[in-house]
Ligand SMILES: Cc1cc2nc3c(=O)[nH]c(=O)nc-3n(C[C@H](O)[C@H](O)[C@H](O)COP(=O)(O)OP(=O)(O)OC[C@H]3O[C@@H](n4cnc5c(N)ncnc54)[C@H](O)[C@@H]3O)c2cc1C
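What follows is a single chain, given as structure tokens, in the form predicted alone.
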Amino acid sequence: MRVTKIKEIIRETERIRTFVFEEKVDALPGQFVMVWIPDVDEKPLSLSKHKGDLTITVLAQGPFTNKMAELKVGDKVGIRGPFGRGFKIIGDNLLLVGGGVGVPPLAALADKAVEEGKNVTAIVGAITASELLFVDRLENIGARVLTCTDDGTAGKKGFTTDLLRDLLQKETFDSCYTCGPEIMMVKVLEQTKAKGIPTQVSMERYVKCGIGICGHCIVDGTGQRVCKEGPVFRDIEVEKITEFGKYRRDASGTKVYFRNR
């Protein structure tokens, strides 16, 4: 574990902060780091940039992330990683589908894809306009960005999957990448499978060790470890994960079912 200082904090929304650290990183988009706050806990957080200053984007929604939201520039945290399997760029015409705080790892993927000369279309969704993430950043690198909000305050009114359905009626893509609420990703996979578009999914599970030893993040159906074989999985792998879109496990291993099941 390395100890590093917070170099910059960017307030993205009311509850979302981007933390930039005094440390460089060279990683695959979709990989994560383990972040330790002394006397609090250690948690896995996705990188929101794949190279340069180590950068993560955090939604304050629990004890650890709420504590992280209280940190200030100059404060120190412990870092391990990057860990896990990231996204693999396939083809030249890429589609990204991100909801809420699932957008940051996709933004890192967009950066790398554009660097490699790929065409990127990104569907970015949120509950309301003020919660949309990285729209300007994606547009500034040359990606085509389509937005939607649950309340209709920006872009199309509705869900990312509504916008995806409309888009796939007119266009096709070499590959698709998605990150966000699991119920959303289930529906993304249904649509892209029907169109024959290879899709990669970034899963989130309770991770303890981060390096594949403890087995806490093993998923039912395949026995794969989210921290090691994931967090990015191919569509053909996800089809065999029996818990996907149904439930996850908490710190004690108890099944927690998704509300929209």
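Note that residue numbering follows the sequence shown and begins at 1. Everything numeric in this text was worked out from a predicted model, so none of it was measured.
Below: the form predicted in complex with this ligand, not depicted.
The partner is absent here; in the predicted bound form, the one residue of 45, 197, 27, 219 having a heavy atom within 4.5 Å of this ligand is 45. Note on the partner interface in the predicted bound form: the residue among 223, 38, 52, 63 having a heavy atom within 4.5 angstroms of this ligand is 63. This ligand is not shown here, but in the predicted bound form it comes within 4.5 Å of a heavy atom of residue 204. Taking the partner from elsewhere, residue 192 is found to have every heavy atom lying beyond 4.5 Å of this ligand in the predicted bound form. Within 4.5 Å of any heavy atom of this ligand in the predicted bound form lies no heavy atom of residue 108. Contact annotation: residue 101 falls within 4.5 Å of this ligand in the predicted bound form, judged by heavy atom distances. Every residue of the trio 58, 231 and 248 has some heavy atom no more than 4.5 Å from this ligand in the predicted bound form.
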